[in-house]
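Before any questions on how it binds or moves, here is one chain, the form predicted alone, in C-alpha cells.
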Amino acid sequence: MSRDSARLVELAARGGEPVVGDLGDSRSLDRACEGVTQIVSTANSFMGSGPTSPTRVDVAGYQRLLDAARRAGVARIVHVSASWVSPDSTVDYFRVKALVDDVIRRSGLPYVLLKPAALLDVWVNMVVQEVKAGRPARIFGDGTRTASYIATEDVAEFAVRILALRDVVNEEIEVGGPRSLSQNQLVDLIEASLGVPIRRQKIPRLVLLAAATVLRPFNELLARLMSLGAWSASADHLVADWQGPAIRFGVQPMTAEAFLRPRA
C-alpha cells in the first residue's frame, strides 16, 4: 500500500497486488484490509514536519489502521519498530515510535514488534551522498560509539520468516547485525569500498543538542536529524543477543563488509 500509485508499479510487475491508501483515510484502509490475513507495517512520517510531522500523523494513523484491521478480521500485524524507542527519548521520532508500539499492544490484535538496530542502508547512504556531493562525511560526536548495524533486506527477511510462523504472537523481537561498529569504523569501510579518501567532519554532541533546540521552532526536520545525531553519539546502541533471533528464524544477518561488497 502506498499513497502514490507510481511507487507501486514495480511491485505490481513482480506480482504484487497494489492498493492506494493513506493512514489518514479510514475508507482507504478498509479497502486495503479486505481479504487480508496479516499486515506488515513500516509506515512512518520521519521526514515530515508541521501538519505531516510524525508527532501529528503516526499515532492517529496507526489507530485507524488497527481499527480497519479489526473490522476486516486480520489475524496478526507484524510492525517494524526500532530498538531503544522510549516515551522519554530525546528524539521526538523515537517517542512517537514508542507510542505507536503501545497502540499496537493495546489494540487487541495479535502482534509482533520487530525491533531492528541501526539500519546500514540509512547510515551508509548518508555518507555516500555526502561524498558524491563533494562534502565531508559528518561524524556525530567523536565517532567512537558503536551500534549493531543491520541491513534493511535482513530485517525484511525476518519479517517474511515471522509471517510463516503463526504461533509467534504478542512478542517484541530485537534484531541486529553480527558485528558492532563505530561510526568511524563504518566510514573506514565505506572509504575502502569506494576506493577514494573520505574527508570527515566531527560534530560535537553538545553542538548537536544545542542546534536541535535552536532549530526546532523553525525547522522541525533538521532539528530531528540533529537530535538523532546527538543520540547516536551519546552511548553504544547494541543488540545484546543478535544470535538468538538469527538462529530461531534462520536468518544470517550480513556484515557491513558484505553489505558494501558489489553484488550482481
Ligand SMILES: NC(=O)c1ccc[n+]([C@@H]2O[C@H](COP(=O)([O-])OP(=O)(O)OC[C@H]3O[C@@H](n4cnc5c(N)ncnc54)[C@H](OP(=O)(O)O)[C@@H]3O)[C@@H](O)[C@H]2O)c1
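All residue numbers refer to positions in the sequence shown, first residue = 1. Not measured: the values here are computed from a predicted model.
As for the form predicted in complex with this ligand, it is not shown, yet the points below apply to it.
Margin query: Check Y93 for me: does it contact this ligand in the model of the complex (non-hydrogen atoms, 4.5 angstroms)?
Written below: So Y93 counts as contacting this ligand.
Margin query: Can you tell me if L238 lies within 4.5 angstroms of this ligand in the model of the complex, counting non-hydrogen atoms only?
Written below: Residue-level check for L238: no, no contact with this ligand.
Next item on the list: May I ask you to check whether N44 falls inside a 4.5 Å heavy atom distance of this ligand in the model of the complex?
Entry: Output for N44 is yes: heavy atoms within 4.5 Å of this ligand.
Item checked: Any non-hydrogen atom of A75 within 4.5 angstroms of this ligand in the model of the complex -> Output for A75 is no: heavy atoms all beyond 4.5 Å of this ligand.
Margin query: Within 4.5 Å, heavy atoms only, which of A159, I139, V131, A82 is in contact with this ligand in the model of the complex?
Written below: By the 4.5 Å heavy-atom cutoff, the listed residue in contact is A82.
Note to self: At 4.5 Å between heavy atoms, only one of the stretches 176-184, 162-170, 112-120, 131-139 reaches this ligand in the model of the complex; which one is it?
What the structure shows: It is 112-120 that comes within 4.5 Å of the partner.
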